[in-house]
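Here you get one chain, nothing else, as structure tokens; it is the form predicted alone.
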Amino acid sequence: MDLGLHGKVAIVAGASRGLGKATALALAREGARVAICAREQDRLDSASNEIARIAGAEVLAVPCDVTSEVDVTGLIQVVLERWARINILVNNAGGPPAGLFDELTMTQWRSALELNLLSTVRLCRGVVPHMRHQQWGRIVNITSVSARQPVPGLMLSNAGRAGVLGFAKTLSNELAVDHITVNSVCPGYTRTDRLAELAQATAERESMDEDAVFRAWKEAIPMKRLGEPDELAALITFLCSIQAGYITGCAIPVDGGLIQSTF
């Protein structure tokens, strides 16, 4: 199936590793021109080179802290100078630290909301005017199952990512008339560095070993396994396609059946 992405220009945030990197690679394989951003220059350059080599695609690596208004403005300017348009935005950022309510400071709350909620707002504010001018666009937010089914010990993520879903649904209604779709994906326990960090934090909090944490997670998943980054990337790539033009305002779990609600 031709997804109609050849020559489209995509920005993928948090793409130096994990889910963002897998998404950037999947889009590049479909012929998109991909700008990737992250804070760490060395890791970003390595990811850019790897994606370009595997996909044979044009990849632009732009250092950017998505919590910074200046950095986000600079990212968008660099992409426009290079390719003159932005067709696709994939919002993604690392997760905030684990912690219980009594342990979390107001500074941590502010940082978490900047990282997961306001970064999404910030990037959308930057690209939406260009998408409206084109009368076409795709926005996909990488959130988490915690946005729909709160995970114990992840209060910051539960709150911030749920906010992204509310923002995205409202934005999707406002942009639908401009042929711009806005969707969110909710990955479950997926094999990434972030998951390893959460396993370590959970093990310390629950006085368990990390292998036991992973076993417990797998047991809770109907498929009895972890997800793979490329499985999430495949859905995101489809949501960015021509064929997905009538899909908007959705929050789709990719979790092996973990979320138990029917909607």
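From a predicted model like this one, the values you see are computed outputs, not experimental measurements. For every residue, the number given is its place in the sequence shown, counted from 1.
The form predicted together with a small molecule exists for this protein as well; it is not shown, and the discussion that follows is about that form.
- Note on the interface: of 64 to 72, 26 to 34, 51 to 59, 203 to 211, the segment with non-hydrogen atoms within 4.5 angstroms of the small molecule in the predicted bound form is 64 to 72.
- Taking the partner from the other structure, the small molecule in the predicted bound form has a heavy atom within 4.5 Å of a heavy atom of residue 15.
- Contact check for residue 38: a non-hydrogen atom falls within 4.5 Å of the small molecule in the predicted bound form.
- Within this chain, residue 143 lines the site of the small molecule in the predicted bound form, having a heavy atom no more than 4.5 Å away.
- Residue 137 falls outside the set of residues with a heavy atom inside 4.5 Å of the small molecule in the predicted bound form.
- Interface residue among 158, 87, 172, 190, judged by heavy atoms within 4.5 Å of the small molecule in the predicted bound form: 190.
- Put simply, of 126, 95, 99, 163 only one has a heavy atom within 4.5 Å of the small molecule in the predicted bound form, and it is 95.
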